[in-house]
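A lone chain, given as structure tokens: the form predicted on its own.
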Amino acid sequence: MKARREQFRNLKQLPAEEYLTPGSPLCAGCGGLLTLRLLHKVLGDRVVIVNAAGCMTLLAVYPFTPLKSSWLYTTMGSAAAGAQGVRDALDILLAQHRLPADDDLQVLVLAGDGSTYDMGLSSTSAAIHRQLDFWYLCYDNEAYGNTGFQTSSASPLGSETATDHAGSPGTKKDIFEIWRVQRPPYVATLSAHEPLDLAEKVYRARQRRGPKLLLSLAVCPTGWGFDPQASDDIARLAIETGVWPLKEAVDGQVRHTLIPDTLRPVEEYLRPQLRFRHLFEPRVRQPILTRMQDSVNAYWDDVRLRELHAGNR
């Protein structure tokens, strides 16, 4: 089941203009790069990107960049604070009539999961508390991808990283809920495999002032271990197995924008990725696989139960 869309009902309605041009030095098949491209198409050209150190930092290596928008580089822990400074400066210029309203810029933080879930969480939380009018896009590849793919608190149970060769022993931090409980105007999960869902969420978020937080699964051929041409297949399986729910929270109220009619086995998502190979070879580690499947099943059982109750009211 897909939620009804107000603005984007077919691919022809996506803006044709490209603000992220070909020629990026990022890895082939990067899900985060495709997400940024799609989001930028809907946001338009009047954007300043505040980038936390990470994989995407390679987008703007002086003097070359494929971006048509402005760019500011910060440390991993201070991107949201950097966004505050940029937004404050723009607001002062607007108030003093030194910047025409038509030249105002949207401020977009671009950060990986290492910054978002770990090092930059406090500054982001503070920006949400201050109701800073900004966008925040996390490209979540579930590890510290830029420094060798070490475990982050976004790393899922059982995934091999450079620091956990036997598989991550912990479960993934629920950053969506951590954001949501602060009741920002808008929070959503995204996937580049569902471009209309992505565009619709950006459109809906644009109607609101304050923090707009977007969490995208960034499939990562380099760190996850699969052929780059399979990127969209992996992103699709993440949705169809229920591993990556697509949802939004408006003023704290959650709505799922896509609910699979039936869930494919989580194993179908895991098997193509080398980071999960040790769960199947040289022997199948069934207890971990069962735990992962049970967790996904429990999540969607709860979603369907809440949907049923909502429909009966």
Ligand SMILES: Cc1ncc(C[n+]2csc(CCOP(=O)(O)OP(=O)(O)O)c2C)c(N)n1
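Just so we're clear, the structure is a prediction, and the values are computed from it rather than from any experiment. Residues carry their position along the shown sequence, with the first being 1.
This next part talks about the form predicted together with the ligand, which is not shown.
Out of Ser216, Ser115, Ser155, Thr124, which one falls within 4.5 Å of the ligand in the predicted complex, going by heavy atoms?
Only one listed residue qualifies here, and that residue is Ser115.
Looking at Ala249, Val47, Cys55, Leu246, which has any heavy atom no more than 4.5 Å from the ligand in the predicted complex?
The option sitting close enough to the partner is Cys55.
May I ask you to check whether Pro211 falls inside a 4.5 Å heavy atom distance of the ligand in the predicted complex?
No, Pro211 sits far enough from the ligand in the predicted complex that none of its heavy atoms falls within 4.5 Å.
Applying a 4.5 Å heavy atom distance criterion, does Ala205 contact the ligand in the predicted complex?
Answer no; every heavy atom of Ala205 is more than 4.5 Å from the ligand in the predicted complex.
Touches the ligand in the predicted complex: Asn141 (any heavy atom, 4.5 Å):
Residue-level check for Asn141: yes, a contact with the ligand.
Contact with the ligand in the predicted complex for Thr147, defined as at least one heavy atom pair within 4.5 Å: yes or no?
Thr147: contacts the ligand in the predicted complex.
Partner-facing stretch of 234-242, 80-88, 133-141, 176-184, counted where any non-hydrogen atom is within 4.5 angstroms of the ligand in the predicted complex:
One stretch meets the cut-off, namely 133-141.
At a 4.5 angstroms cut-off on non-hydrogen atoms, which residues of 74-111 are near the ligand in the predicted complex? List them in order.
The one in contact is Met76.
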